[in-house]
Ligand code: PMP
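This document opens with one chain alone, in structure tokens, the form predicted on its own.
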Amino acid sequence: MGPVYLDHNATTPMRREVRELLAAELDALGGNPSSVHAAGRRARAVVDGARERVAAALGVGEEECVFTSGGTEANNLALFGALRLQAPPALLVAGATEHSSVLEPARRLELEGFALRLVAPDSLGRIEAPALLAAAAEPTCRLVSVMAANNEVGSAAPVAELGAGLRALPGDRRPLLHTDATQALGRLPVDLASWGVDLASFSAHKIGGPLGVGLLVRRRGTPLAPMIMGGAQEGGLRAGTENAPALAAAALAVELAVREQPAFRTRVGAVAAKLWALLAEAIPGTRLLGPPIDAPDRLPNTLAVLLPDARPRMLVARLDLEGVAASAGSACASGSIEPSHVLLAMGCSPEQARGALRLSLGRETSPQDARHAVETLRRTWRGLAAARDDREN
């Protein structure tokens, strides 16, 4: 059997249709979208078309879509852009389990004099709306940031409930709401209008699009300061020549992800449930992190597990040699020996927080892949355990 890729939360391989469109646009385009000659106008038409298609897929206005280099830049633009128009010590409220591209800007803003309050999750990794709303009720709160779905344990946030609660606050005390929806798109229903968010971040390579393309949706009228200056691109919010071929490919990926989301959730969720059942049987004592496997408030493709007496980074390396790609925590932290901040916030011990294995499935992951991965994992885990016992004896 060929390799089994179970690291889709880190990046999802580019879809065939998207790759073909990207190649065609690379062959056809050669102008700068800001140039007025024919080649430039052709590139501008591609950028405008991509914006139109993304906006239609997400149910927002074209002028509300700001293309970026990825989800990290979109998150940075949301936080810095919103709060640097305010005066310290304005308060930022965020979940303690946010991605590092939210937490690190938040801590930088704290160094600049802004107040920061991190809301802890429950033991299943869920950030509860009442706790966020209680923190956001502070008169100085100007921004609330919560990820729509966690990249490590798969728990989904009650973004719609949070948005409704914030809208109930008096107008002069209503903070902006930002959500990092990079993991949710294509996997869970994403309805920005009903959620009531002011800012939402997305990334193309999480949904089979090209690397290096992100999106920040900014609700009409939401004040935002640019971080990258030097040109008038993206409504003055993100200077720099647009990558027209990549934007066209990303737009197609967004369209396909939104259209196929219900089917993705059903099919991939069934494979993930099968994988978990097989794994729990193969390695007794394995613990599933996050909400129950069939809970509606979890990503259908994500399994974070604690294996008994396992060293995940060594396990990941051995699995790779056996043709199974997995990860220990998030990709942005996989090179670190620090315990997962997500698991620590959930109440795990530092040893447990270093010990999680993440298996994230994609649209092409099959039941056969799940069975092969579990058998390989069981064999590898037993081999490492036997080697450790030999060393200790």
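Because the structure is a prediction, the values reported are computed rather than measured. For every residue, the number given is its place in the sequence shown, counted from 1.
What follows is about the form predicted together with this ligand, which we do not show.
Looking at Gly81, you'd find every heavy atom of it more than 4.5 angstroms from this ligand in the predicted complex. Taking the partner from elsewhere, Gly70 is found to have a heavy atom lying within 4.5 Å of this ligand in the predicted complex.
Residue contact check for Thr302: none of its heavy atoms lie within 4.5 Å of this ligand in the predicted complex.
The shortest heavy atom separation between Arg218 and this ligand in the predicted complex exceeds 4.5 Å. Exactly one of the stretches 306-314, 145-153, 168-176, 281-289 approaches this ligand in the predicted complex with heavy atoms within 4.5 Å, and it is 145-153.
Residue in contact with this ligand in the predicted complex (any heavy atom within 4.5 Å), chosen from Arg298, Arg238, Arg126, His99: His99. A single residue from the set Arg117, His205, Arg318, Arg265 has any heavy atom within 4.5 angstroms of this ligand in the predicted complex; that residue is His205. Residues from 163-188 that approach this ligand in the predicted complex with a non-hydrogen atom closer than or equal to 4.5 Å are Asp180, Thr182, Gln183, in the order they occur in the chain.
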